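In the block that follows, a single chain appears as structure tokens, in the form predicted alone.
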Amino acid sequence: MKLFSSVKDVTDVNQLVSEAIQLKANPFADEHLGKHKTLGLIFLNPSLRTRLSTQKAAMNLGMQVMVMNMDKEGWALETQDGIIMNGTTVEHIREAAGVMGEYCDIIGIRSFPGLKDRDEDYSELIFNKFVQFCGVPVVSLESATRHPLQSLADLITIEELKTTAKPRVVLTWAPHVKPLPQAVANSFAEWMNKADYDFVITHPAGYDLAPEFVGNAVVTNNQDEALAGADFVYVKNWSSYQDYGKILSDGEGWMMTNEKLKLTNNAGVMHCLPVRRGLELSHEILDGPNSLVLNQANNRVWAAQAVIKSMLKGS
């Protein structure tokens, strides 16, 4: 594997999930693969789980890790070609990515959308420029449109805990105080469609995701209808895709509670974190037996380790 940016980069999803579960049971079995190799983690946006889990995964594989927070420590990057750099940008992404590729054997890059221009965000300009110019394998640590390491960890969590071959999985929109990207929701939908679960997406009117991510999912604006009989409920906010980057509703009545949980098949409740307690998810769920958020966070390590291992073997 040379690139991990979406489920489309994975030849065999079931095999990758199995690999991650095996690594969870024996984390240091392959530490020889990363000896004298370096992973560079480049963050243009804040991170907690992604940074720590990917660092731990690389160290489990024997790698050295370098981390750079470009938003605080790096030069302002220019992404457009053929222009005279007489403005606020200091370094072109061609040289920046190329230099990082000289220092690192694998690079992870995290870059959020601006939520102003949909075409620009969905072009994945920054991520694709790094892929083009760094010359080494690249892992997405979340991009403008997807968060594949999170989605792989989510799939691992469901596969570990499901009690039926084809569980009912519901992705439900949740309220938030500010507009958030569609990346986690897009990515989760993409991976759930690949897993061939009974997959349902529910959200208020105006929050439809891009059709290429929705795929074969059933979509409804009736949350109660969606939750009926659910085995897993994934809670996540996202801003509007059609009225791009906008908040269209205060979300009253959409927060998951124990009362709504009664509609489900005693569902496990998932969230990528960080979570706004008492807004996106009730305290009672987060502190109760149905919460799977720490399971997901733990599986972020094994998702990253399975991907990095595949890249090391490929190199």
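These figures come from a predicted structure and were not determined experimentally. Residue numbers here begin at 1 and follow the sequence given.
Same protein, other form: the form predicted together with a small molecule, not shown, and the subject of what follows.
- In summary, the region of this chain contacting the small molecule in the predicted bound form, judged by heavy atoms within 4.5 Å and restricted to 29 to 37, 269 to 277, 256 to 264, 58 to 66, corresponds to 269 to 277.
- Site annotation in the predicted bound form: the residue of Ser282, Ser47, Ser249, Asn290 reaching within 4.5 Å of the small molecule with a heavy atom is Ser47.
- With a 4.5 Å cutoff on heavy atoms, Gln150 counts as touching the small molecule in the predicted bound form.
- Put simply, Lys129 is far from the small molecule in the predicted bound form: not one heavy atom of it is within 4.5 Å.
- Put simply, Arg110 is close to the small molecule in the predicted bound form: some heavy atom of it is within 4.5 Å.
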